[in-house]
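Next come structure tokens for two forms of one protein chain, structure 1 first, structure 2 second.
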Structure 1
């Protein structure tokens, strides 16, 4: 969690380089929006940082500019391209790949700031959530569906398009991990202390169901063709 920036002891504004000042504002904004949502006023943010509002606007002329920078830092900046390679690496069992992905994703992405900003943005109708969901569908959900197809011996998406129900099945795995952190950071209720064990258990319960349903669907389709 980012730390609050306090004014200098003598009450004067700290002299920072432009790069350090911008970093101070962005880090402060991440914590601020995580606490109060994007509806928080830039005047209050400036006060917390110990700077003037005009100085803040010198770096970010409009509040939306600052929100966009926070989105880039917290959401886009934490997404790793190698995760997509990990999901599609068929030299390892799919279960192993999903567990490795979610352990890394949970550690690097699903932080206090990420979860709270994401939830606040959704309630405020911000575009952040829709854009991130598009990223998830392209970079995670569709690849997971593709790998479930392969593990179940089903036709590839190039032969038969992935259905909306398959996408929902991939969401079930993701949503279970996501909701663990919602309970932890939003509701502040007890969660399983062994996160690695929780992730493995969740993947086992949801992946097994997805594979079973996919195999049943294949068998039903084959019977229909024969009949």
Structure 2
């Protein structure tokens, strides 16, 4: 991910293979657009890469194409299908699974570049955010709700559909972790330095709430069925 860009040793031009150059441009663009947003100037990006601005247009016919490549690489490329298995692995306590997941997720996804590009894209009205949220619901929130049901001794979602408040409870856990990185990388404010402790404590605090709301949902449901 971190391609070391030599700033053209002397004044000479350096000729790279198209694959290497493209990689270098995309990596540089991720850093650059994370810093200043997709409104950043192609000339400044080129300067940081140690190349001239027209060269960008040899690899990407328009600036927008480069931006979309960045979105693709950052958002779609970093999702791991195995996370769903990790969440659903009932040989370990749910608490431990959530902590393990969020430590992994924070390392792979909740980085400086990811958080900032994600927020820039959201503000720009890109639909990449909505696409990602669909991925998140299907691959994380619903599995979490399913496991919370199990941990609460409640019926599985195949018997009683997941309520919107249960999804919101899963969002609460996610929001608490996510917002930590918003504070760190967007507001650039000091945060609790021990990330592992923060994740563990936050999961502890928010998971109990999710278990409670699930029990309430099920109790209300059973009340409804009886009536």
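As the structure is a computational prediction, the values presented were derived from the model and not from experiment. C-alpha atoms forming the largest set that superposes within 1.5 Å between two forms make up the rigid core. Numbering follows the first chain given and starts at 1.
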Between structures 1 and 2, the form predicted alone corresponds to structure 1
Aligning on the rigid core, do we see the C-alpha of residue 55 shift 2 angstroms or more between the two structures? yes
Using a rigid core superposition, assess whether residue 20 undergoes a CA shift of 2 Å or more between the two structures. no
| query | Against the rigid core, is the Cα displacement of residue 44 between the two structures at least 2 Å? | reply | yes
With the core held fixed, residue 218 moves its Cα between the two structures by a number of Å equal to 3.3
